[in-house]
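Shown here is one chain on its own, the form predicted alone, set out as structure tokens.
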Amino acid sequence: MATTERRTDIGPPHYDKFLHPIIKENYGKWKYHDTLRAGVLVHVGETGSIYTVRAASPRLISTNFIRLMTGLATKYSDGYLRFTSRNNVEFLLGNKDNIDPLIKELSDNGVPVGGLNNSISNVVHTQGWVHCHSAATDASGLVKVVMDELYEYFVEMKLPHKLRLAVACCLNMCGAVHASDIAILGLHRTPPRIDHSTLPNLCEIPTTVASCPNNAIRPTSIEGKTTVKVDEDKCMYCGNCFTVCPAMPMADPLNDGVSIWVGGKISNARTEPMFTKLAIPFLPNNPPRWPEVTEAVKNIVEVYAKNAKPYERVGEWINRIGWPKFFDLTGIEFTKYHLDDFRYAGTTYRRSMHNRY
């Protein structure tokens, strides 16, 4: 019985279906790659070269932006582009002569080119007020105002090493704030406010109780109606209860705010991967421009740019000079919240696949 190739619509299609022909021809046969200028790479293989132009994107994009990107890809890169894990748009060009016209059209449409090597890449961030129901701050708005201030570090390669920024709108942290050089994290500081009048009609009590990872929610009765109560000492402000029970909102415009964390990285180069550590425990939510947050992040970037050695990431620079010196150089106030008086499992975990002794 003759066999035929099995076809199915289960799972994603094979990645090689979307590779540029030059990449297919040179797969596993690359000789070297180089940076031609800010935002432009070349990969040289045995049978040809592929050129990459990296541009920024707002991550939460409109259909107009998608049409712009796909139109430029059709015009200049034979329809081939890709989005990186940090939401950069990379055009894959087989023709070197298309680089300058592509960059000009991107610039004319307000899309900067850069983010390679010793510069700030596009910022990875969460949904914020646009979508997330537990957000303590707005992610996309913060990214916009921070990168307005740091624009020169995206389009130019003048930092000691690459710099990765991340924004998460709450402590659930569906962004990469634990492993980025500088991270902005939204903070809730008050427990959920329970609307006892509507909770029995909106929420299932067992589901609401089970939603809390800290066992801080208990059933109770008020005026003959079954509702819940919160043990505020156990609450960690995660907003998980609000996910299943709309009668327990978390948002608090007076007390919610922003914290700044530094020193994380995923790379295994020079040291093992590192987690971020607290730099600034609280800054106020002041949309639409968040002046306190943008000033704090820009200050850290500029101090790092001035004092770090070449190829030194933020966390490696801090470990070299010591945390007291970091607080002294940046002018950040040291508070009781910076005291680390406990040992957690992460200090003993091996965070690298590399065994170095």
Partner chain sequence: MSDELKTPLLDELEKGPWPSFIKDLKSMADRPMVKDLLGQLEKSYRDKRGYWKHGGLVGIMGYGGGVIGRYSAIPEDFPGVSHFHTVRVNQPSGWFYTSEALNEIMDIWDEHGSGLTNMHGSTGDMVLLGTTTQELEPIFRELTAKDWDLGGSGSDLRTPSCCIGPARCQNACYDTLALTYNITHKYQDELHRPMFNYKYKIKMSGCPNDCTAAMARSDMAIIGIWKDDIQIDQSAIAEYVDSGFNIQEYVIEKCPTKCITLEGKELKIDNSDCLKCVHCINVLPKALSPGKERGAAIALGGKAPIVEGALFATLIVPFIEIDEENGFEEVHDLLERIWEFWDEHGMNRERIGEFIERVTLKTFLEGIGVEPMPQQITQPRDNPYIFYEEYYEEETE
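Superpose the two forms; the largest set of C-alphas matching within 1.5 Å is the rigid core. Positions refer to the first chain, counted from 1. Keep in mind the model is a prediction, meaning the values are calculated, not measured.
Below: the form predicted in complex with its partner chain, not depicted.
Student: Answer with one of T227, S267, N118, S259: the residue that has a non-hydrogen atom within 4.5 Å of its partner chain in the predicted complex.
Tutor: Residue within 4.5 Å of the partner: S267.
Student: Going by heavy atom distances of 4.5 angstroms or less, which of T190, T243, S197, T220 would be at the interface with its partner chain in the predicted complex?
Tutor: The residue from T190, T243, S197, T220 that makes the contact is T243.
Student: Looking at its partner chain in the predicted complex, do all three of K104, M157 and G322 come within 4.5 Å of it through at least one heavy atom?
Tutor: The answer is no: none of the three residues contacts the partner (heavy atom, 4.5 Å cut-off).
Student: Decide whether D9 counts as a contact residue for its partner chain in the predicted complex under a heavy atom distance cut-off of 4.5 Å.
Tutor: Within the cut-off, so yes.
Student: Quick one: is N98 in contact with its partner chain in the predicted complex, heavy atoms, 4.5 Å cut-off?
Tutor: N98: no, not in contact with its partner chain in the predicted complex.
Student: Since only the chain is shown here, I'm wondering whether I66 would be in contact with its partner chain in the predicted complex (any heavy atom pair within 4.5 Å).
Tutor: So I66 counts as contacting its partner chain.
Student: Counting only non-hydrogen atoms and a 4.5 angstroms cut-off, does P291 reach its partner chain in the predicted complex?
Tutor: No, P291 sits far enough from its partner chain in the predicted complex that none of its heavy atoms falls within 4.5 Å.
Student: Residue by residue through 27-60, which ones have a non-hydrogen atom no more than 4.5 angstroms from its partner chain in the predicted complex?
Tutor: Result: Y27, G28, W30, K31, Y32, H33, D34, L41, H43, I50, T52, A56, P58, R59, L60.
Student: Classify F275 as shifted (yes) or not shifted (no) between this form and the one not shown, where shifted means its C-alpha moves by 2 Å or more with the rigid core superposed.
Tutor: It does not reach a 2 Å shift.
Student: Kindly check if the Cα atom of L185 is displaced 2 angstroms or more between this form and the one not shown relative to the superposed rigid core.
Tutor: Superposed on the core, L185 moves its C-alpha less than 2 Å between this form and the one not shown.
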